[in-house]
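Only one chain is shown below, in structure tokens, and it's the form predicted on its own.
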């Protein structure tokens, strides 16, 4: 089959008419603390006699279900509820039936053959109480892109409710599963783990560009730790700097700048900024202490970082030009690896207490701190999901160092990797 993915982005009424509703009519902002939305997701309907089409429908249903359950925005109704009402007829939906089992939304999925011998999937979402059609998407795809179709459909449902899409996002990380520390990439849920670099040198600390087309990372070539920018889709790599030790890159939210750490001038780590292409390098910190781990605020006006200028590693924030430095972590003798949430109100970081490394989250509005991980393991390198509801981090909870995902309130811990040691994740935006 041809590896194609054709997205027909239409909003459908009945079988033929096309009506496009203004987006502001359907966007609802979901806030922390709001109840989840009950969503009915009955089995998808196959309009083909081909057994593989029915199988595709089952796989799509499984992936979309897992995505929406993970979202913390939707709650899928138990399958047992569907036995109390009439079977779904997509041409004549009895909304009172679905309302009787407490559904707020109903998603209908229909699969059929396509002229190009791929499959055609159509997903429609309805408001149950009003019986109103909200939106629909149609995808023509080969089986090889089935997971992408499912993730795109789930993302579209998230966007209707004012949420940033996360299911088509990617995670870049370091793994030694093939004998050497190399760059790898995977889907948000741990699927499609793919090796990106192939060499005999150590790669380290990858960071996505804002458009998820480039990765900045450290690569040890000889005795030098140079900083490079790599396009994994074109196989093109460019050197930013190789003088001194260079590490911890971070692209700004607008994609125009790249912050990183370097020892090039005075032998100790300072924070620098360049443009996104790696040129016009400018130093931001001037201190005899170690300054490291820059993390941009979502508006690009500030940078959080780690510094031991007060005697112990603590979290500081400065303006993007390097001025107005202030400390934001207090108590404890070791805080590191700040990660500013996309929502702007929280910073995740690593804290060491009694030789145990755990991840904490500081609420910048209330100054309250929550402990995200609770174990005797070494939990490090937090990175936020694009919508700020989840994090991925590395941990030796299972013995070897692996990647895990957890929600912002410490619920739903799940392991994502298993082969070799895996660390230093960065979640694309």
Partner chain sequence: MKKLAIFSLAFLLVFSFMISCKKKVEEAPPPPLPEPVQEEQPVIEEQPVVEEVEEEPVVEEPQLTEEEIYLQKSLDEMNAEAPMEMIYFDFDKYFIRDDAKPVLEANAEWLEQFDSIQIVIEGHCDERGTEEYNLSLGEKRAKSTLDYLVSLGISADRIKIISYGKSQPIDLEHNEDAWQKNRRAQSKIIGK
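Numbering follows the first chain given and starts at 1. Everything numeric in this text was worked out from a predicted model, so none of it was measured.
As for the form predicted in complex with its partner chain, it is not shown, yet the points below apply to it.
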Task: Contact check for 202, 225 and 380 against its partner chain in the predicted complex, heavy atom at 4.5 Å - done: yes
Task: Option from 264-272, 147-155, 97-105, 71-79 whose residues, in the predicted complex, bring a heavy atom within 4.5 Å of its partner chain - done: 264-272
- [ ] Work out which of 113, 308, 302, 187 lies within 4.5 Å of its partner chain in the predicted complex, going by heavy atoms.
- [x] 308
Task: 279, 192, 130, 355 - the one with a heavy atom within 4.5 Å of its partner chain in the predicted complex - done: 355
Task: Residue contact check: residue 229 to its partner chain in the predicted complex, 4.5 Å heavy atom - done: no
- [ ] Please check if residue 292 has a heavy atom lying within 4.5 Å of any heavy atom of its partner chain in the predicted complex.
- [x] yes
TODO: Consider residue 236 of the chain shown here, and say whether it contacts its partner chain in the predicted complex, taking contact as heavy atoms within 4.5 Å.
DONE: no
Open item on the list: Can you tell me if residue 245 lies within 4.5 angstroms of its partner chain in the predicted complex, counting non-hydrogen atoms only?
Closed with: yes
TODO: Note that its partner chain is not shown here; using its position in the predicted complex, name the residues of 329-363 with a heavy atom within 4.5 Å of it, in sequence order.
DONE: 334, 336, 337, 350, 352, 355, 357
